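This text opens with one protein chain seen in two forms, each one given by itself as structure tokens under the names structure 1 and structure 2.
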Structure 1
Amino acid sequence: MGYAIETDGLAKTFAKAEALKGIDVRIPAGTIFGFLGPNGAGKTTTVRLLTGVLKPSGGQARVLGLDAAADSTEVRRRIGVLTETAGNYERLAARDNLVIFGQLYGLKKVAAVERAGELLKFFGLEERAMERVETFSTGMKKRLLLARALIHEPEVLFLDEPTSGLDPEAAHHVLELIKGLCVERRRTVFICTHNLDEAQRLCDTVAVIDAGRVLAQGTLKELEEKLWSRAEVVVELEEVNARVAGAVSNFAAEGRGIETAAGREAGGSEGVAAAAAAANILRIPLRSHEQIPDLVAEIVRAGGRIRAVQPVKHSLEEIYMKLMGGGGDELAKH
């Protein structure tokens, strides 16, 4: 399928300030990509370089195989952009908003009207097509803006905080529509957002940027494996007695302590038994998840009765905070 977006050493300097310090990003076609980072990290500058609005000070950006700087007109013809502050023509009907933008992108009026009808149906606005946008809810207006960004059938869609200002129900609807664009219409979607929960649910891959540098990029599983060298598993038992505690402690990787659900640390079998007296849930460090079957067998041999076993999964928020706290420096060493 190839990459829809690639950057190699992409850099941008304003006066004496380095906004981007040589970033390398690869985004497969037909996927949803999340670009995460604090304000001032370089997200907006990156998008402006990718969309041909700015020219780089160094490196290169390619969108759909085109040089974003040298072929900026063709790039903009094949992409759609929705900024956080974009607005509709409030006193015009929904369909007219789309038709006008379709014609601005070079569509004949008949084609623009047909395309507008398709998009209004896809975004659930068909019955309100001839009503003024000023009568729409915030969620409906956001859906119309998404439709407008797609009026010329772009292959790549850039979205900045697509659910900003929406209530939970409207935000959920917009996210489902974005998923549909990727799955049903094979669009590549590039999202800048501060909403880590939404990014975790929506994105196939993410990149975290700070101070003009990409700290890490990949799927959540890839980033988790890079940032946490050990695996962990949570085991719920009917009872944690001394025999079970001893077996678990002996099994734990390199003698590390066992943490109970109450958050206490225990160093050996006696400590595990004492700490587990108030809780029958243990959080156990392992060398890898491949050890889980052996751990379960060891607990059973010790007479333990297991209610549940759950590998610990780190959230995108945990990944983000670890990277921002210096985890990215550790990745760079490898």
Structure 2
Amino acid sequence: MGYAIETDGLAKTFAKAEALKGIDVRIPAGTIFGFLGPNGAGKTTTVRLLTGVLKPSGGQARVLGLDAAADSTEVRRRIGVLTETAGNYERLAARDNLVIFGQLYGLKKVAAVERAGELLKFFGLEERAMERVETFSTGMKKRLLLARALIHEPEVLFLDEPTSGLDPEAAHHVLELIKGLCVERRRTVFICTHNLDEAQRLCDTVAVIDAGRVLAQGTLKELEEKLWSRAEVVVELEEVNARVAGAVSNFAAEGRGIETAAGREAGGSEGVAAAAAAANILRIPLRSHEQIPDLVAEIVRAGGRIRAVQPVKHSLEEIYMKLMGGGGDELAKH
């Protein structure tokens, strides 16, 4: 699969500060990539380097096969950008904003007007098209920025916090649109966000950046496997007797104990019934989730009656926190 974006040792030093310390990122074409990290980590600098607005101090960035620094004009012709620091022209009408940018991206005026009309309709701004943007709500301004980024049907879309300031319904609408662009039109989307839930739902791959270095990148599953060397499964049984317990401990990955949920939660549970129920829930470490069918068969053979089996999956938030807590340093060394 071809990469829409690839960087090799991409670095940027400003007068005093080293903003990016050589990052290597690969983003397959037609996928959604989440770029996660705290404020000041280097996300905006990366976007500015990839869009050719800044020139790198070291390394190289290629976007759609073009050198982002040397062919920056051609790169910018084929990408769309939405960032919080690049606002609308507030004194001009919504439609004028779109038409002007359409023309700057090379559309003829007639085509720009037509495309602006379609986008205004799509984003529910049709009725306010001729009004000044300064009269718009935050959500409407955001939708207009998104429309502007799409005016020339870019092949790669850079979105910085695309849903911040939007109400849940509008945010959902925008996320669906981004997914649609990616799936139906094979566009590549590069999203910088702090919203980890959103990134988890949306992104095919993510990278976590801190202090100018990429701590880890990959699919959620890949990151999880890198960060947690063993898989876990939670099994709920009608009753845990000695035979079942024996079967499970023989099966479980070596060196790690089996926890009952009761052991964890007894302190917080409110009644004996709850504690007893929790005692039937086992958290079992495995070498990988592929062992689950065999584990289930083993429990059944030992006479255990299973109510539920749930592989433990770590959320992007857990992954992010673990990386930020120092797990990333170890990964970066590998």
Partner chain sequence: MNWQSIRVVMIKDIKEIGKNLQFWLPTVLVPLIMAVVLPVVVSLIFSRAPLNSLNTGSWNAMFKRMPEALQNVFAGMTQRQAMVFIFANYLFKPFFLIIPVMVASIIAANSFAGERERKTIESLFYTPVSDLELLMGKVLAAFVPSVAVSWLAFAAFVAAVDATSFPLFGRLILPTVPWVLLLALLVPAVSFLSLAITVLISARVRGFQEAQQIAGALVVPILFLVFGQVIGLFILDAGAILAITVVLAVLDYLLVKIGAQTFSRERVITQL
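Start at 1 and count along the sequence of structure 1; that gives the residue numbers used here. Between two forms, the rigid core is the largest collection of C-alphas that superpose within 1.5 Å. A quick note: this is a predicted structure, and the numbers were derived from the prediction, not measured.
**Student:** Can you tell which of the two structures I gave is the form predicted alone?
**Tutor:** Pick structure 1 here.
**Student:** Can a Cα shift of no less than 2 Å be assigned to residue 128 between structure 1 and structure 2, given superposition on the rigid core?
**Tutor:** Shift of 2 Å or more: yes.
**Student:** Superposing on the rigid core, is the CA of residue 209 displaced by 2 Å or more between structure 1 and structure 2?
**Tutor:** False for residue 209: its C-alpha shift is below 2 Å.
**Student:** Quick one: core overlaid, is residue 297 moving 2 Å or more at the Cα between structure 1 and structure 2?
**Tutor:** Superposed on the core, residue 297 moves its C-alpha 2 Å or more between structure 1 and structure 2.
**Student:** Following alignment on the rigid core, what Cα displacement (Å) is computed for residue 91 between structure 1 and structure 2?
**Tutor:** Taking the core as reference, the C-alpha of residue 91 is shifted 7.0 Å.
**Student:** Residue 247: how large is its C-alpha shift between structure 1 and structure 2, with the rigid core as the superposition reference, in Å?
**Tutor:** C-alpha displacement of residue 247 between structure 1 and structure 2: 3.6 Å.
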